[in-house]
Structure formats: C-alpha cells, structure tokens
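Just the one chain here, laid out as structure tokens, in the form predicted on its own.
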C-alpha cells in the first residue's frame, strides 16, 4: 500500500512502524483552597524550571549531533518559557481565580496558540506545534509523570499525527525516519530532520490508522511516498534506490567544491537565505558566496514579547557580517505581517495585516523602532559587507521615506561618534506587481533589486498557494511571470544595479535554465537547496539558457513552457536529464 505525502527531508528508510501518540495526556481542572495557593505557585515554578532545564539539555545534544541552526530553535523555546507575561498570567490565575497550576498555565498559553493558528502564514501556523509541545512538557512535569517514547524495534520509523522539535531531536539517534499526518516544510521539526539528514515525509493522510506497531514500512523521501508492508520486489527496488541516493549525494558534495559556472564560463553567484546566524557555519561548506537574505523578523521572534534593542540588532548583524566576510550579507528589515504572534501587541487595531499594515508600511508607521533596527545594522557594517533591503515596497514614496529614516540613523551615529559604512548599499525586495511594473522609477534610488518570487507570484495570480482549493493556479512557469522577470532584469541592467532572485523559484533546479536565460546571475536560497542547484548550473550552457528563456516568454501557458523544458536537449551533452516537470509528477 502506497500513500502520497510531502518530503521535508530527503533519503530512503526501511524499518518497522513505531506509533507515537503525542496528543493524549490528562489535564486536571479543579479549584484550590486559600492555604494551597503558595504551594501551587511553587509547584508551577518548579515545573517550569525543570522544563527549561530539559530544553537546555535537548538544545546542547542537538547542537552536538546536528547543527547550531537546529539547536538555536530551542533558544526560542526557552525564551517563550521565560516570558514574564506568560508566567505572570499563570500565577495571577492561580492566586485570583484559585485555579490549579495545570489549568492556569493551559489557559495562559492558549492565547498564544490561537494567534499562531489563525495566521495566514504556514510558518507561524506550524509554530503552534512548538508551543503545544512546551505546554505538554510543563504539564507532564507538574504531574511528575514521565513517558518514554523510545522505540523498541531494531530499525524503527516513527509514525505520528505530528512531531514536535523536541521529540524529533530526542528520538533521532534511534530511528531511521519520520512519517506524520500533519506539519509543514517550514516547521522546526522539518529543519531539524534535514539538519540530522533523517528521511521524513509529512502530510501522509490516514497513516496512523493505516499501520499497526511493527509493520514494515518504507519512507521514500525523494518522491514523497510511504509504502506500508512492501513486497520483496519493492524492498529490493528501494534498496537499489537508497544506494543510488547515497552515490548521488556523494557526487553533489564533490561538485559543490567546483566554481559555480556554466559550461561556457558564465559565473552564477549562489547565496543563502538564513533565519539564524548559526546557519552560516553549515552553508559555508557548500561554497556559497554570502547571505542573500537574512530574515530579521526571527530576531524579533526571539526577543518577543519585548522588542529587540539596538544592542540586540548590532550583536546579531555583527555576527552575520563576520561569518559571511569577505562576501556580502543582505539584512532585510522587519517584514511583520499578520502572521507574527506578537502583532496583536504592536498593532491590535489592524484587521487584515497581510494586505494592510505590514513590512515597510509597518516600519514607517513605527518610526522609532525602525530607526533602532537601522542603527543596529549600520553599527555592524564596519566590514563594509552588509547591505540593507526594504521588504514589500509598493510606491516610490515609501522608499524615499525609508531612506530618510536611514539618513536620520546615520546622523545619530555621527553625533555619537560611532563608525559605520557611510556608503552602505540599499535595495528593495520586489514582490508586489505594481512595484515590478514601476521598476524603472525605483532603479534611480536603489543599489539593487531582489525578487521575492513567492509573494510576487501569489499577488500576480491572486491566489494563496497554501489554499488547496486554488494552489493549482500557482505556476512559476507561466509566460506572464517570466516576461515580468525579464522586464525587471532589463531595468536592472540598463541602470547598472545589482539583481538577485530568491524564493522557491530560485531553489528549483528545473527553473534555473529559465532564470539564467532571463538575465539572473545571483540566486539566494535555503541551504538545503544549494547542492542540487549548483549541480544544475555547472551542467548548463549560458547561450542555450538564453535561447530557451526568450522562447518561453513568447508562449501562452505554463504547460507549454514545461513541455519546452522537457523537450530541450540543452543538457544532453553531459548526459544529464532535466528533472521531472509538474506535468510528469
């Protein structure tokens, strides 16, 4: 029996199903007596302290076995547990409402979970899993009960409704892979699974009901399949597939040492998108040329519910600048939309922040903390390799106002005698159609463009790609989108400014020939995508990419473009076949 899901960590695993129940635990609810209040508060504080110690231990073990990036996830968890508002609200409920600690804590944390679950952004929806896991751990510690999730099979594959980051980290040493019914590509569980290089498939509907403990199971983390009770022929097929996967991985690692150039010598810069500065240690192994995008909102997430201080900004960006040197690192200013869980504290009146007061609009409305962030970036720019990027810019007036705030920040630092890069480069992320269509006007006032393809496609096609009802309309191969990319690239070239492209489009090996041909020679992507993309680049001819890209812009449908790529003999001289198109999958 085969069930389709979504790969979050590539690989092949064969083993026995270990069913993990992550949801069920008793939640007692009762009133306490006056004389019990003090002991109940002490019981809560002790459980919270124990939980923080457990997360600290998990964090250190994760950093030892995986990466600093994965371990940094638990810094956020610890910050949440240390949140004074969360502790104060819980203690208040115990004292004033005479609620037992389990009930008081659950009620307090419920508000955070609800804000996350109402988000339109899958990343922040998935953070609810993290919070629920923390709540479960605190409640288990309040009750003094410990449950071992350790598998008893020789080659266990964990099957669950969903997995928390802490469970993924704790279980990784003893399991072959993970299969869940829920979760997302941007979840912390996914980040940890990829860091640990454990095959994992999510979104496998009905898997918990379909398997029994001990059933033999195969995870195909290449095509996103789970095979339950495989036949001998299927097992042999996947043993061969596993061997081929390992050989391919070894080849990609070897190729990563080569210069990122097409066969005819056209240099393509590969940079990385990062959420945590600790990721740089990992990506530098792949020969990338700096950071194309640092999402500064994760710094805000770490500091929430407080706002980062100028010193917080400075220290973070300084570490990024040093780690990326001599290559550049682009810091994107806060892109705060409706998905950020502290939005209710900063802009509670906003009805629809996703299409309202977000990103640069939000920053310009909150002048002082915007300037605080800019001063932090400037202070960290003394190596002259930091660049500033403003997100979700719509009209020229927004850009001019943002640059005025930047000038104020520079003047403040000059008065304070603080050194900084006075010629720091400033760019915008083009992710709104009106900005893309008006690129010529923006080119006069910026040093570079970065194309945010995820949002640009969604706004261009008026669809939410996370909505299953309309996700099929999300088509990066559509000729109208390609023509828009060509137009932006032409503007950048005429005005002699920098140009890069990021988002899932830049991470898709099948899109690389088109993007190179349209005039893009700088790509920014997740660290996990670098090896495949680099392998694709070194197999291509630039002149053939140009020919095919221009032909694609003259077509009428995305299907026609995909068929063009499918039929192209462009990479055949190296014996490499283009990957599957969406029509073939």
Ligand code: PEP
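Numbering follows the first chain given and starts at 1. Computed from a predicted structure; not experimentally measured.
Beyond what is shown, the protein has a form predicted together with this ligand; the following relates to that form.
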field: 4.5 Å heavy atom contact, residue 435 and this ligand in the predicted bound form
entry: no
message: Is residue 358 near this ligand? Define near as a heavy atom within 4.5 Å, in the predicted bound form.
response: yes
query: Quick one: does residue 220 come within 4.5 Å of this ligand in the predicted bound form, counting heavy atoms only?
result: no
task: Answer for residue 271 alone: is it within 4.5 Å of this ligand in the predicted bound form, judged on heavy atom distances?
output: no
- request: Heavy atoms, 4.5 Å, this ligand in the predicted bound form: which of 496 to 504, 435 to 443, 230 to 238, 102 to 110 makes the cut? Say which one.
  value: 496 to 504
task: Counting non-hydrogen atoms within 4.5 angstroms of this ligand in the predicted bound form, say which of 475, 387, 398, 455 makes the cut.
output: 455
query: Within 4.5 Å of this ligand in the predicted bound form, heavy atoms considered, which of 267, 249, 295, 403?
result: 295
query: Listed by sequence position, which residues of 413 to 451 have a non-hydrogen atom within 4.5 angstroms of this ligand in the predicted bound form?
result: 429, 431
